[in-house]
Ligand SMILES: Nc1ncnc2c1ncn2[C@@H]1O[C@H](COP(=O)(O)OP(=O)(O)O)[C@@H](O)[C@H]1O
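One chain follows as structure tokens, the form predicted on its own.
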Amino acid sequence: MLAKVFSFGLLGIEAYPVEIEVDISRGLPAVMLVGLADTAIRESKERVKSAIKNSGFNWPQERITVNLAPSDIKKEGACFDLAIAMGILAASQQLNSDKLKDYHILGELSLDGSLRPSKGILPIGIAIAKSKVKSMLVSHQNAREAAIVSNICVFPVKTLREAVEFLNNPETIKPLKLDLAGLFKQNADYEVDFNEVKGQYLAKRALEVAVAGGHNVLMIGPPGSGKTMLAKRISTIMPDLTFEEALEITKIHSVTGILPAKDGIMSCRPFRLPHHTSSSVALIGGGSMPGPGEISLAHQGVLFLDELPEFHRDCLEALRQPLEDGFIRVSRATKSFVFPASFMLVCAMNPCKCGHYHGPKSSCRCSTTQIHSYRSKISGPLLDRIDIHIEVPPARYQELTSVGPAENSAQIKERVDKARSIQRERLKGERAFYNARMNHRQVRKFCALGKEENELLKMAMSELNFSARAYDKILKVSRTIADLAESQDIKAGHLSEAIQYRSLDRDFFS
């Protein structure tokens, strides 16, 4: 007898429908899996066999053929276990096959018949919402994630037997419904705050400017000056996530299997801190079956590269395209995969290899050649894409022991939100949403300078040896500083502050 079960597979971060056909015929007992299944799926026949027996059902002593269609797409993962088991039960007449046509079935089986969570349930739920059959049967551990998609019916089950009983009597389980607004608001809470940072007023001001205009940042300072502590708090002053942005982030984390099951949705902006030994595949994405990397996991949040010069050169150069486009394209012989990667790049480095150049005690042991060699590990094209370079000196004892109230993240965020609102209004109808994304034409249009400001910038370009690439960066940052001050025009003070944020262009290491 032939039975058909509907399910879904993943290709990158997108889901595609899979039809599982199970045929039981006369012959020597065997299970044949066809349809370009990977090792995890081929091994499923042993898991499914044990789960069926341990759930109190009979294992057919005949030839079983399982086909995963479409057969020209390679399928991976263990999410087809439950669907294959249901198909075998239906084909062996232990379950009414007519009841399977109204559901998409997903889940990994344990040997005792219980269900484990699967990766990528949210993108599958989004795809199901666009199909004719809008009901899905999933592990109870994935149910909250799937129920985020409001126009589908999600039925959570814990075991294979419970799934069979549900199909025989659908009234036993009600579809899961979530209060999305309440859940989104409840989880939108950060564990850190800027009021925990002692001193570093100039660095905090620079980060406020960076977030307000969406600018990338490079922090330069000795070990222990607080660069990582500052970076971890940047997400707390970024604008609140919209529900659409949260779905995008959740989708990526769901596919990689790192979404917290109890939350179901990512309501805080991500902060990713890859180690400097990470490979280009780990950072950018890829693999034999391409998946998202760290830059995609940082989508709509912060990617923090600590010890920037220690990263492999090919990793750093691979950042150039996603920083420009907001996505990364991973190409293979048969298909191209596109992963979102619109993130704020925050980098940190020591002023020299030993970390003490220009330190308060001048204990640097590096020669001039070593200092320039250390700096040259960061290419000019990558620096082109970093608008703000700031020096982070060690905090003084008086600042560390101060007990006075410090400005918290909510106060800084309020100013950032106002500046972003001004930018959205100004750039309405343009292909940019904040100042850092302005192109050359938009810079000329929205960053016009008066006579005094022109003279100041001209003097800075000549006296401080600024390169041509620094020109547009200074104008964009000046525009952001003016927006924070709610000024329609860029004033000399705004321009002067922006000039201070170009440490590397001011021959900082000479």
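As the structure is a computational prediction, the values presented were derived from the model and not from experiment. Start at 1 with the first residue shown and count on from there.
The same protein also has a form predicted together with the named molecule, omitted here; what follows describes it.
- With a 4.5 Å cutoff on heavy atoms, Q200 counts as touching the named molecule in the predicted bound form.
- When contacts are judged by a 4.5 Å heavy atom cut-off, E196 counts as touching the named molecule in the predicted bound form.
- The named molecule is not drawn, but in the predicted bound form it has no heavy atom within 4.5 Å of I234.
- Contact between I386 and the named molecule in the predicted bound form is not found at the 4.5 Å heavy atom cutoff.
- The listed set H215, K251, K227, R269 contains one residue whose heavy atoms approach the named molecule in the predicted bound form to within 4.5 Å, identified as K227.
- Residue A395 is the only one of A436, A395, C315, I152 with a heavy atom lying within 4.5 Å of the named molecule in the predicted bound form.
- The stretch from 81-89, 395-403, 142-150, 365-373 that comes within 4.5 Å of the named molecule in the predicted bound form, counting heavy atoms only, is 395-403.
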